[in-house]
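A single chain, nothing else alongside it, follows as structure tokens in the form predicted alone.
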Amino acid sequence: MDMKTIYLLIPLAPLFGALVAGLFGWAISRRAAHCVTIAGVAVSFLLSAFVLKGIVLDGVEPFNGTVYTWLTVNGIEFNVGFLVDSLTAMMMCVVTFVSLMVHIYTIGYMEEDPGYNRFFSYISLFTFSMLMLVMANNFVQLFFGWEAVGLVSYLLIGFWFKRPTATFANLKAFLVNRVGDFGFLLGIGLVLAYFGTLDYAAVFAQAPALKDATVTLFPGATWSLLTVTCILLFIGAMGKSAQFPLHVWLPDSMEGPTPISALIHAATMVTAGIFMVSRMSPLFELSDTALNFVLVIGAITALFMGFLGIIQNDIKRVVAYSTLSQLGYMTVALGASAYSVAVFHLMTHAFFKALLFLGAGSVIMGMHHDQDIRNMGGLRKYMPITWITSLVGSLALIGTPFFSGFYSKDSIIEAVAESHLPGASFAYFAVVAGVFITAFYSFRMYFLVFHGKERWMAKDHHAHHEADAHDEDEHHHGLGPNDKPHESPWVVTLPLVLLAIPSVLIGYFAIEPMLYGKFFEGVIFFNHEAHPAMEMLKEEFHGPVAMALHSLQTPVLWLAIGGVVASYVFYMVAPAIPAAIDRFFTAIGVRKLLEEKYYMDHLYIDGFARFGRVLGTVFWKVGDVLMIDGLMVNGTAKVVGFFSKVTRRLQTGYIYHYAFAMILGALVLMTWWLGGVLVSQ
């Protein structure tokens, strides 16, 4: 089997499983549906691992070629093609491995759901879409994958389509991403207009020659072509990777089943923007303005989304806001020209965040679909595997030395410290402050769920819950008075264990080759002179052990420890302290600000959406009803009717009336003729 066939099989295997489970789900059993989709993703993962090994260890040359020419317009080709290098191979392995874990996990989580086969079809189709995105060698295929992951995420978020909250959430995600995708499409349009091609390699080769090219946005406003192009492309990333202010869809997408939270919000859709900017590094490196824009947006997201995680009581929403904050960290790294660090954090984050989401789902199953962490406590002795794996995920998230998250997050902070961009000082403050905030809300959740009093024994609590598959309206959620939490089945706990392993080890073994070795050589580009962050980091790096030991001397580790200690004291020792702080912040309005999520939803729904409805109503009543229907269509008919009514009075049916009219007409003509003759004489 040649390599081109292998590259084709990697995305097509999940697509085959999706088509079988989706089109023939009515005819095949549940077991057949999950077997065919899991087999497809497993084949894809094994082949991806084989490709990664070949490129990294065996020296196989990267592949860049066209598979199929879709159409040719005016000499410009629109192709389906693959670019398989170290960046692509790494992304393929991450996507397929996490997807495989989610597929296995779903067997237990969705066991009694009536849409079982449909769900497996969707998540397998999602995997295909993401693989097409990361394997693209041109902007057309990139856009196809971009839109495909958006479409399937719409289907997955609204999977329980009978719930109004789910249909609202998937519509919100779809519409917000349309805003970002509009900018993305404009950026691709500029690339086509000025570069004359949509092929990555050709565009990157021409980029230096167009460094000083300008584009007139409107009379009197001339901007750098590459700055405008990069900012427009990044607006697309702001939608997909949920960056402020296009972040509002991600927390609401928790309305979907937990497995898709792990798939969408850990390894696939939300990382698409980070991957895209890293792939476009030859363009972004030529515009400091665009990089500064990326840096500031990422810093705002990293800091302010972390604040929102502190007040969440839904276990999935805590992890969701954590994802928003960590995506901000990745974006900050992109702005600091540390693209390899951003991708490194993307990889480590995919493992431990998928672990945390699936761990949260296991807790939800054990609590009979109660998601409120205030109704939990003491679960560690009832759910030992979920407990220990969730602890591993939390330790990785907060950047505990020797865990994977430590190496990637600390590298981001150090890269920002070395950046010379105008927004670097604010970004450094944001990512350092974010360390304490992340540790605080992560271990607030951990302690409230797994330690302390067994609050689930209360009989009269009202749980915020995830819809149960059997009957969303009538089925009781939460533990009954005689129920106890229970550990999840092996199909749920096995993925947790398998995800916990890279959450601990991958950072230690991958940091040196990925950041300071030749892993991304010739794939990711940065200007050493203008943006020296990576060069400075390389000089200061003396191995993963030395980096971990050095962290003992930095404020970053102690901020993380401080966050853990503060959460323990607040919620395990003296709960009166956070209650008093809460009352204080409620009194000065901060609590309300956080509960309303900085009023961004109000801005979009009560501002833009309502304005759109008002404008639409004006166009409807004035333009359609009054102008088109009233004047042009019905008005024309009324004018014709009026003249018809007048003329109809002349048609009496009496012969002498017509004879009189003829005589009168003849007299008028004779008078007019005689008058003309007299005038001419």
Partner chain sequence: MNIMTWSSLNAGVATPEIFLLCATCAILLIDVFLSDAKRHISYVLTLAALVATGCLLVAGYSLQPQLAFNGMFIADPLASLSKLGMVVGVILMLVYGRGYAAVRGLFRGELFTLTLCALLGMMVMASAVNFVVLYVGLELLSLSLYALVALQRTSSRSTEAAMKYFILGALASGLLLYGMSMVYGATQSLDVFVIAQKIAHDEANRLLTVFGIVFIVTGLGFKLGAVPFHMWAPDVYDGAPTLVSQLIGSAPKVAAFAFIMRILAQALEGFAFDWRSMLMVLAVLSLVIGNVTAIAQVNIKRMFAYSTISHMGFLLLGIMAATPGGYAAAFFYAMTYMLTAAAGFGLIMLLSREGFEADQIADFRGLNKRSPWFAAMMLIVMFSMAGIPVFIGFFAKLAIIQALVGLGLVWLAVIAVLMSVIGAFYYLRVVKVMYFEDPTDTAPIAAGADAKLVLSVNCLLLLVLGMAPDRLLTALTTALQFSLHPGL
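The term rigid core refers to the most C-alpha atoms you can superpose between the two forms while keeping them within 1.5 Å. Positions refer to the first chain, counted from 1. Just so we're clear, the structure is a prediction, and the values are computed from it rather than from any experiment.
Not on display, but discussed next: the form predicted in complex with its partner chain.
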property	result
Non-hydrogen atom within 4.5 angstroms of its partner chain in the predicted bound form for each of L8, L23 and I28	no
Any non-hydrogen atom of R613 within 4.5 angstroms of its partner chain in the predicted bound form	no
4.5 Å heavy atom contact, V640 to its partner chain in the predicted bound form	yes
Contact test in the predicted bound form: K53 vs its partner chain, heavy atoms, 4.5 Å	no
Partner proximity in the predicted bound form: T617 to its partner chain, non-hydrogen atom cutoff 4.5 Å	no
Options 32-40, 45-53, 65-73, 647-655; stretch whose heavy atom lies within 4.5 Å of its partner chain in the predicted bound form	647-655
Exceeds or equals 2 Å, Cα of G635 between the shown form and the other one, core fit	yes
Rigid-core frame, C-alpha of K645, shift of 2 angstroms or more between the shown form and the other one	yes
Core-superposed comparison between the shown form and the other one, Y656 Cα displacement 2 Å or beyond	yes
